[in-house]
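The form predicted alone is given below as one chain in C-alpha cells.
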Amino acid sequence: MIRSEILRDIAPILRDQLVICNIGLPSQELHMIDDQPTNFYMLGTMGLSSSIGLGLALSQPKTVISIDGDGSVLTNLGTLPTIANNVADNYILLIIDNGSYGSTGDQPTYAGKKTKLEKVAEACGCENVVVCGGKDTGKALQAAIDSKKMTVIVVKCDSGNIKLPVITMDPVVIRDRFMKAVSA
C-alpha cells in the first residue's frame, strides 16, 4: 500500500477527530479523499504536524490525530521527546513511514535505511508505540482512539504518489474553519 491508499482506508475513522495533516502531498491527498472542517492541512511547515497536534491536544479535550511522514519526523526529531514528556491521552501521532520524502520526489530517508522511528520514539520515552503495515492502519488507529492513551503509530508502507491537484482553499479559510471545528 502507498500513503494515499492508507488515507483512503482510514478517512471514515478520521472524520470524527481533529486531524493535523503533514505538509504537501499528504494534505493534498486527504483534502481530495475526504475534505472536512476538522482537518487542518499544513501547506508550508515541514516537520511541525506532530508539534502542532501535541499543542492542540494539550489545550483541549477532543481527540487529536497528527498525520506525519517519516521525512518530516526526521526533520524535527525533538518532537518525540517533547511528546514523551508531555503526555496527552487525547493525542495520536500517526507516522506514515514510506522510507522517502514523498512530497519532494521520493528521495530516500534514513527511516528507509537503518533508522527505525518506532525505536527512536521508545528511546525518547513514548510508552505506547505501535508498528503496523498499511492494511492494518485502520485497526491500529481505532484501537489507539479507543484506548484513550497517547499513542505513536508507525505505519510501514511503500513509497509512491498519485497525481492530484493542489489545495486551492486559502490558508486563512483552512485555519478559520478548523478553529471553528475545534471550538464546536
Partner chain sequence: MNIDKKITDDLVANGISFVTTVPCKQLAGVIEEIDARDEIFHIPSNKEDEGMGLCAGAFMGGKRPAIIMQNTAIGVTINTLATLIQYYRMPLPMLISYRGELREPVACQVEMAIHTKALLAEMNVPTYHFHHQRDVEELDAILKYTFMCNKPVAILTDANFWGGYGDQ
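Positions refer to the first chain, counted from 1. What you see is a predicted model, and the numbers here were worked out from it, not measured in a lab.
If you look for the form predicted in complex with its partner chain, you will not find it shown, but the lines that follow are about it.
In the predicted complex, which of the stretches 66-74, 112-120, 143-151, 49-57 has residues with heavy atoms within 4.5 Å of its partner chain? In short, 49-57.
Look at the candidate spot formed by Pro37, Cys132 and Thr137 and say whether its partner chain comes within 4.5 Å of a heavy atom in all three of them in the predicted complex. No, because Pro37, Cys132 and Thr137 lack any heavy atom that approaches its partner chain to within 4.5 Å in the predicted complex.
Is Met42 close to its partner chain in the predicted complex, meaning a heavy atom pair under 4.5 Å apart or at it? Met42 belongs to the contact set for its partner chain.
If you check in the predicted complex, is Thr79 within 4.5 Å of its partner chain, heavy atoms only? Judged by the heavy-atom cut-off of 4.5 Å, Thr79 is in contact with its partner chain in the predicted complex.
Are any of the heavy atoms in Ala184 no more than 4.5 Å from a heavy atom of its partner chain in the predicted complex? Judged by the heavy-atom cut-off of 4.5 Å, Ala184 is well away from its partner chain in the predicted complex.
My question is simply whether Arg175 lines the interface with its partner chain in the predicted complex - judged by any non-hydrogen atom within 4.5 Å. Result yes; Arg175 sits at the interface with its partner chain in the predicted complex.
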